[in-house]
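Presented below, as structure tokens, is a lone chain in the form predicted alone.
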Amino acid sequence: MKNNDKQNQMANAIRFLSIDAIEKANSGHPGLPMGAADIATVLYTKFLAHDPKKPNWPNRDRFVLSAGHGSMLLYSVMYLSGYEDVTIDEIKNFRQLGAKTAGHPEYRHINGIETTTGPLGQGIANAVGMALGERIMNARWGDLIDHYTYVLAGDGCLMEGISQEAIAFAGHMKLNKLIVFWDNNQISIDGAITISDNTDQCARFEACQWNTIKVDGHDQDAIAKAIEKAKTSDKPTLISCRTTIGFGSPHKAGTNKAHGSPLGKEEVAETRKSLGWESEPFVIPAEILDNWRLAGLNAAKKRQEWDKKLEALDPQKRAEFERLMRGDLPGNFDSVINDYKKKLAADQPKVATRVASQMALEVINGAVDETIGGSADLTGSNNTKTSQTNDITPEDFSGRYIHYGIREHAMAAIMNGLSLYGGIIPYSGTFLCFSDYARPAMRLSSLMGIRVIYVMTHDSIGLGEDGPTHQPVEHLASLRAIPNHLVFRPADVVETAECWQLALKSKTTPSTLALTRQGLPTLRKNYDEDNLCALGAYELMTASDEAKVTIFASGSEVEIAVKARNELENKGIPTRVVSVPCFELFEHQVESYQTALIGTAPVKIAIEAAIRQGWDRFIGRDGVFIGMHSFGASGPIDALYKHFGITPEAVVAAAEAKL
């Protein structure tokens, strides 16, 4: 078999595994695997540093299939290369319940899938985070970390707004080890791209300081030369690969009919004839499979060489590197936090929780070297920078702080990429109201189960004069609705420190910290070694007798609850206060604790400067809710709280009326 014939047949192996799996499932997207098979063949057999037997070794090249609907391309390549998780039975079970070969690639389902993709544009933004992670770790560990990040993106990925944020950031940061293949097939679900878009993508990338190369996406030699050229660039590179969607299909190639539906039995048979593929469904000729497996073995030699580098490290340094890659915190982390809590109990400062967060981070960043901070152009407002976090710049990646610019969506997705990369705990900030811009990527943090920390300040009408466009009302409920996501709303400096401790220890659940602009007193005046926020909700103040009223509150409204409680007690009405920093952790507690904490007081009141949704869990449908029932307004904070009836006086009046 001549070399070109061999490479063509190796690409056809991808095409027909994909065609057959999609046909058997009667569901899927054959067009991309058929059109991009040549790109994947060149990348996996000639360039990609990977090891199918040890898919997660730290210095591997990353490959992200941003166009996740073409998942069968990835599953086919992994099976052919020898990844143990992808058997021929898994290929046959594509898109079936319980199969690892899900409809779109899912992180953790298969070792070797770098990230969950499907929502278009997320993958390319994640890959920017991975490429940034490589530069950060290279600055810390030298040539122990030194590799490329490759992406296959389609027209849809490049149309999504997040891609503009991501490529602008990557170009600014000069992430020259990031190489994006654009599957330029000029077709989307509705038809030709020209019905909705006429962007000159290469000019767009060049304007964002990228190198661009144009090739025939079915000329494997040209693709190889483009990759070699991209590797010499001092900028990230876009390789525009002009492809034919559904390549080889006599009647559907080059049309939207090949995009999102099986080809159909007759068309599959004719495609076999067209491409000279005589094997039965799911059968790869031995010679072709051997060539693929040999390519996988050859690629693995780079991993074996890297192992020697790791073994040559000083034992203490190697142990530190391995700790980072496991995601474990330093051994003294809890004691550092407890010492800090003792100081807070003694000092009892009155500060906004955004400032309390910065104070906690000053301690945390001194003890945990792997935290990487940032902000979407709101550093002075989010208080995410500390004395340890020098800027990361295109010239110097040794710092610990990223200026993301006004790019909330890409910021969240880039943080996902940093977390997925390993050895890094990313956190960054914006206003809680702008979690709307970040939410699709936040949802994927939760879906993948990764440690990403979102610092969301200006968490209520308490931000004041900026008005209702900036005042979050429904956002806490919206974020609490995401499965596997911890939403923390601390009430003072002590709770803020505890919430940070919990967020950092949460390896498989991302966290949002909702923090105030306005100053709040220290309510937890006595040091307690236990992290009470870990309970999700706890009794902050007891009643003088059997409680007639229980007040539940979070964040800045806990202070209001305490004032109302003191007034009710002065009136002879036994009242307790329950602080609720995290709904999700409360739901993790045993039922007996939940029942006891909610208690049997005849009057239950919840206070939060947000909508009621979620609070009935504590107060029942008959309980009293003191909060927002509309959007906010522009004005000074004190006037706003009084205007919307979120005051101790309103709580006392509501309790008395209910009694």
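It should be emphasised that the depicted structure is a prediction, and the values quoted were computed from it without experimental measurement. Quick note: we count residues from 1 along the sequence shown, nothing fancier.
Keep in mind that the form predicted together with another copy of the chain is not shown, yet the notes after this line are about it.
- Of the listed positions (R140, H172, K548, K257), a single one reaches within 4.5 angstroms of another copy of the chain by any non-hydrogen atom in the model of the complex, namely H172.
- Residue-level contacts in the model of the complex: of G264, P468, G327, P574, one residue has a heavy atom within 4.5 Å of another copy of the chain, and it is P468.
- Proximity of G103, S196 and I406 to another copy of the chain in the model of the complex is complete: all three residues have a non-hydrogen atom within 4.5 angstroms.
- None of 471 to 479, 278 to 286, 131 to 139, 296 to 304 except one has non-hydrogen atoms within 4.5 angstroms of another copy of the chain in the model of the complex; the exception is 471 to 479.
- In the model of the complex, at least one heavy atom of P119 sits within 4.5 Å of another copy of the chain.
- Proximity of K46 to another copy of the chain in the model of the complex: non-hydrogen atoms within 4.5 Å are absent; the residue sits far from the partner.
- Within this chain, Y437 lines the site of another copy of the chain in the model of the complex, having a heavy atom no more than 4.5 Å away.
- Under a 4.5 angstroms non-hydrogen atom cutoff, another copy of the chain in the model of the complex has L640 among its neighbouring residues.
- Annotation for 618 to 646: interface residues with another copy of the chain in the model of the complex are F618, I619, G620, R621, S630, F631, A633, S634, G635, P636, A639, L640, H643 [heavy atom within 4.5 Å].
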